[in-house]
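The chain below stands alone and is given in structure tokens; this is the form predicted alone.
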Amino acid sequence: MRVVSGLPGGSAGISQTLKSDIARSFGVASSTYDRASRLQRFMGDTMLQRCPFVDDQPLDARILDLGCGTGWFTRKFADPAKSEGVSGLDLSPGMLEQARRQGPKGVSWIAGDAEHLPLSDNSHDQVFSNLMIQWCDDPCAVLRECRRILRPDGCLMMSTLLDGTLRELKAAWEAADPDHQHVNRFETGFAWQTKVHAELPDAVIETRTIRLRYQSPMALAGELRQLGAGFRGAGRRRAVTAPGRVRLMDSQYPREPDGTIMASYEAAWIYWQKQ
């Protein structure tokens, strides 16, 4: 039995050589991603509430959805009368193909690496990036690239996940299979704050713990599979996880009184305006 444990996250365990693997995994999940992405929607919607370009977008505004996936949030910016300045960029060709099929005409869909954006300096008014940067080998490079392509007064809105995410799943796996990792590592809050303020000194960082309910650990694993969010750290098992270990993990996961489980996600958002 193969159980996928992880989430879009874990820059501490993701290397440059795994980028093609990440892109392929998300491409495979492109048809199931939207119906499984309740955390992603919540975190993106939180940013949209503070975004000046959703309801009052200037005709000449240039907006980039960085790590656009299936284009769910790209489409929020792509009003039919104003979509020419909207772009969605992603590492996964499969995700971009799904985005093209669902998106309106006029949106530019770009295959690219967030650490090396194929975009000009001072070319965008808004960069919106939802749960993407934690997949990157060098988050500081991503922040620098966002700063580079933003015009003066341009805005960056970005979300990520921090250490403590999926802590219940991590503890259950540590009890069932202590010699191998099954859950991606995430930046600590201190490390994330240090990296952000090194590149964007006056950025505002907000954090919150989000807890989602699942019917069982297997239901949680199923959602992660639908997201294409498998664990890719160096300590992962190279063979299929034995059914006995999966059952032991399931038994170690704490239950609610009604038999369901909760999964914790340590969410972080950054908001920055270029001077």
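Computed from a predicted structure; not experimentally measured. Each residue number is its position in the shown sequence, starting from 1.
Same protein, other form: the form predicted in complex with a small molecule, not shown, and the subject of what follows.
K.L.:
Is it the case that Thr160, even though its partner is missing from this view, gets within 4.5 Å of the small molecule in the model of the complex, heavy atoms only?
P.N.:
Because no heavy atom of Thr160 falls inside 4.5 Å of the small molecule in the model of the complex, the answer is no.
K.L.:
Report whether the minimum heavy atom distance between Gly112 and the small molecule in the model of the complex is within 4.5 Å.
P.N.:
Yes, Gly112 is a contact residue.
K.L.:
Ala267 near the small molecule in the model of the complex, any heavy atom under 4.5 Å?
P.N.:
The answer is no: Ala267 has no heavy atom within 4.5 Å of the small molecule.
K.L.:
Is there any non-hydrogen atom of Leu200 lying within 4.5 Å of the small molecule in the model of the complex?
P.N.:
No, Leu200 stays farther than 4.5 Å from the small molecule in the model of the complex.
K.L.:
Using a 4.5 Å cut on heavy atoms, which of Leu89, Leu169, Val196, Cys146 is close to the small molecule in the model of the complex?
P.N.:
By the 4.5 Å criterion, the partner-contacting residue is Leu89.
K.L.:
Which residue, Met95, Val183, Leu150, Ala176, is the contact with the small molecule in the model of the complex, using a 4.5 Å heavy atom cutoff?
P.N.:
By the 4.5 Å heavy-atom cutoff, the listed residue in contact is Met95.
K.L.:
Identify whether the small molecule in the model of the complex is within 4.5 Å of every residue in the set Thr165, Met218 and Ile261, based on non-hydrogen atoms.
P.N.:
No, the candidate spot makes no contact with the small molecule.
K.L.:
Which one of these stretches, 134-142, 97-105, 201-209, 188-196, sits within 4.5 Å of the small molecule in the model of the complex when only heavy atoms are counted?
P.N.:
Of the options given, it is 134-142.
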